[in-house]
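This document opens with one chain alone, in C-alpha cells, the form predicted alone.
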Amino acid sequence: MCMNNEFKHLQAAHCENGVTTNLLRSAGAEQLTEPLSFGIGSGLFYVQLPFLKINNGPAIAFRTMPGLIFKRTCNALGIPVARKKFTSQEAGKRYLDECLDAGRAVGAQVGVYYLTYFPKEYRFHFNAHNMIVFGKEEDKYMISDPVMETVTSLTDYELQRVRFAKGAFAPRGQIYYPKEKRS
C-alpha cells in the first residue's frame, strides 16, 4: 500500500488546468489557482483541422494540445518537469508504482471512454483527458480527477485500459509531475 497523504483534491472546471493546479499546489505552489494555471499555461486558442475527422466532422479545439498547459505553467514558474511515455504497459505500470512508492502524485493523460466513474453519456473516444494518480491500496489506484467532486479509484486493469487507450492522441501511459517541491 502506498499513499500520498499530503495530496489534497480540488475540483476544477477543466481537467488539465485542475491537474496542473493540484500537482503544483501539492509541490508547494500554494497560491496557484485554476484560472491562473490556465492563463500562465496559455491554454486558450482556436484550431480547425479539416483533415482530422471526429464524429464525421472536422476536428476543432479551443485549447492547447494535451500537456502544454502543465509544461508552460511549470516553465513560467521555473519548476522542472518529469514526463514519461511507455512502449509497454508493464514498464508503464512499474514506473507508476515506483513513483507512488516514493510518495509522488503524478498526472496522467488518459482516454475517457473506459473511465468507469464517468457517467455513460460522458464517455466517448477522447484521449486527451488528465487525472492525478496519488496512491494505491491493494489493487486499487487512488484517483483525483479534477472534474469530479471527490476522489475515486480504479482497479489496475481499469487504469491500464485508460492509460493505454488507442486512437488519436493515444496517451501511451504518459505520466508527468514536478520534479521537486517549491520551498
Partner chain sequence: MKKEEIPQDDGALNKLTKEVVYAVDSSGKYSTELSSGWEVKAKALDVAWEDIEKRIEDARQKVLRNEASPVLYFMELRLMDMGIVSAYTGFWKWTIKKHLKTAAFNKLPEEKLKKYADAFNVSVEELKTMNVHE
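Since the model is a prediction, treat every value here as computed from it, not as a measurement. Numbering follows the first chain given and starts at 1.
Below: the form predicted together with its partner chain, not depicted.
- Though the partner is left out of this view, P119 does reach within 4.5 Å of its partner chain in the predicted bound form, counting heavy atoms only.
- Although the partner is absent here, F86 lies well away from its partner chain in the predicted bound form, with no heavy atom inside 4.5 Å.
- Using a 4.5 angstroms limit between non-hydrogen atoms, Y46 is distant from its partner chain in the predicted bound form.
- Contact annotation for N55: at least one heavy atom lies within 4.5 Å of its partner chain in the predicted bound form.
- Taken together, the three residues L24, A27 and K140 lack any non-hydrogen atom within 4.5 angstroms of its partner chain in the predicted bound form.
- Using a 4.5 Å cut-off on any heavy atom, the residues of 157-175 that reach its partner chain in the predicted bound form are, in sequence order, R161, A165, K166, G167.
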